[in-house]
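Shown next as structure tokens: one chain only, the form predicted on its own.
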């Protein structure tokens, strides 16, 4: 197993910086997910860890060894790619044994290790089959098995599940988590899929435009996004962003949004030198807005534009005060396109971002961990504070 240290690493292609000033640490045995949209620099970062790309500047360490100029074959790294990269003319056994054979490892020991890995991955009955005779999930498990046979210090995985259908992705995702728990090999995993990141990672590193935006546990990144880019990328459906105004006086912090004035809980404070009275972008997740009947709700009114039933829950796309937003509908309500509903906003989960720069303004460090008060607590209609 290994620790990884990336220190002020840049990777430039002419005038373009694919990775800019990346500093990131991965602990021994940790499962780190590099998460971000296409073109954000996550795969380039992974390739630099593998030795397939050389950083323009900065330092990469595996354990205490600087590996900037170390060839890929000397880094003790196992890679799993988006494509399975299996040899079509070889059966599963020969695909798994190919690496150890090239490295001239002991045949008896290789055979024993191969059978153990095959058992763990459920490949024992498939060893005589060729890749063309396997499903996508089975081929992916062969690719994983080939990497596991090396027992490397570091696993690098580049979107290994993107070619699988949704059901199979869930199955292989669970298998990867189980294998990591069993072998405890330090892993860096690249994906644009936030579900993979949230369910698999010990730590998530969110990247945009070549720069690291935030690193932390899934819950930290979800609950306390450092800026609007992270806030809208993490969470499904994505966070609603609405125009608003933030102010502070002796009674606390207030946010005006959707024609309503809301007082934030006493734990909230304004970060650093941000102004206490300013135009802001207000963020609230769809799961923290509840649609209710007009008779039971004193909050803003909205018109339903689209109803999306997810089985266990229903989400509504709405127009409210000329703004488009998404909210969650209680199962007891039967709602249709064109209906009007009232909205209840949970003030404990309101976010405010700098209107120009998009950085988070509200300090949530004083918020109680798991306590989620009822959404109607703290809601004050405009003009009644």
Partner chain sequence: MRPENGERRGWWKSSAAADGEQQLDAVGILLLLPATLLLVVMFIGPVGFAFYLGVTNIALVGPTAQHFHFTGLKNLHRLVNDRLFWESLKLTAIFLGASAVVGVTIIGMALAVLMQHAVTWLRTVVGAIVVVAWMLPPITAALLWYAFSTTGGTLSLLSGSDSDILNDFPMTIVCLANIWSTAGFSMLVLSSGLRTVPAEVLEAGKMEGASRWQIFRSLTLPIMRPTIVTNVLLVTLLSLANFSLIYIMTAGGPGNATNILPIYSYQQAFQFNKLAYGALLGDVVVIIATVFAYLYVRVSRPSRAGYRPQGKLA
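Residue numbers count along the first chain shown, from 1. These numbers were taken from a predicted model, which means no experiment stands behind them. So that the term is clear: the rigid core is the largest set of C-alpha atoms that superpose within 1.5 Å between two forms.
We do not show the form predicted in complex with its partner chain, though everything after this point is about it.
Q. If we take heavy atoms and a 4.5 Å cut-off, which stretch out of 191 to 199, 178 to 186, 100 to 108, 301 to 309 is in contact with its partner chain in the predicted complex?
A. Among the listed stretches, the partner-contacting one is 100 to 108.
Q.
I'd like to know whether residue 211 contacts its partner chain in the predicted complex, with contact meaning heavy atoms within 4.5 angstroms.
A. No, residue 211 stays farther than 4.5 Å from its partner chain in the predicted complex.
Q: Please run the contact check for residue 278 against its partner chain in the predicted complex: heavy atoms, 4.5 angstroms, yes or no?
A: Residue-level check for residue 278: no, no contact with its partner chain.
Q. Is there a heavy atom of residue 132 lying 4.5 Å or less from a heavy atom of its partner chain in the predicted complex?
A. Judged by the heavy-atom cut-off of 4.5 Å, residue 132 is in contact with its partner chain in the predicted complex.
Q: Check whether residue 121 has any heavy atom within 4.5 Å of a heavy atom of its partner chain in the predicted complex, and answer yes or no.
A: Flag for residue 121 set to no.
Q: Indicate whether the candidate residues 265, 318 and 324 are all in contact with its partner chain in the predicted complex, with contact defined as any heavy atom within 4.5 Å.
A: The answer is no; none of 265, 318 and 324 reaches its partner chain.
Q) Of these, 286, 235, 216, 137, which has a heavy atom no more than 4.5 Å from its partner chain in the predicted complex? A) Result of the distance check: 137.
**Q.** Of 229, 241, 86, 253, the one that lies within 4.5 Å of its partner chain in the predicted complex (heavy atoms)
**A.** It is 86.
**Q.** Contacts with its partner chain in the predicted complex - residues in 208 to 234 whose heavy atoms fall within 4.5 Å
**A.** Contacts from 208 to 234: none.
Q: Align both forms on the core first, then report whether residue 128 has a C-alpha shift of 2 Å or more between the shown form and the other one.
A: Yes, the C-alpha moves 2 Å or more.
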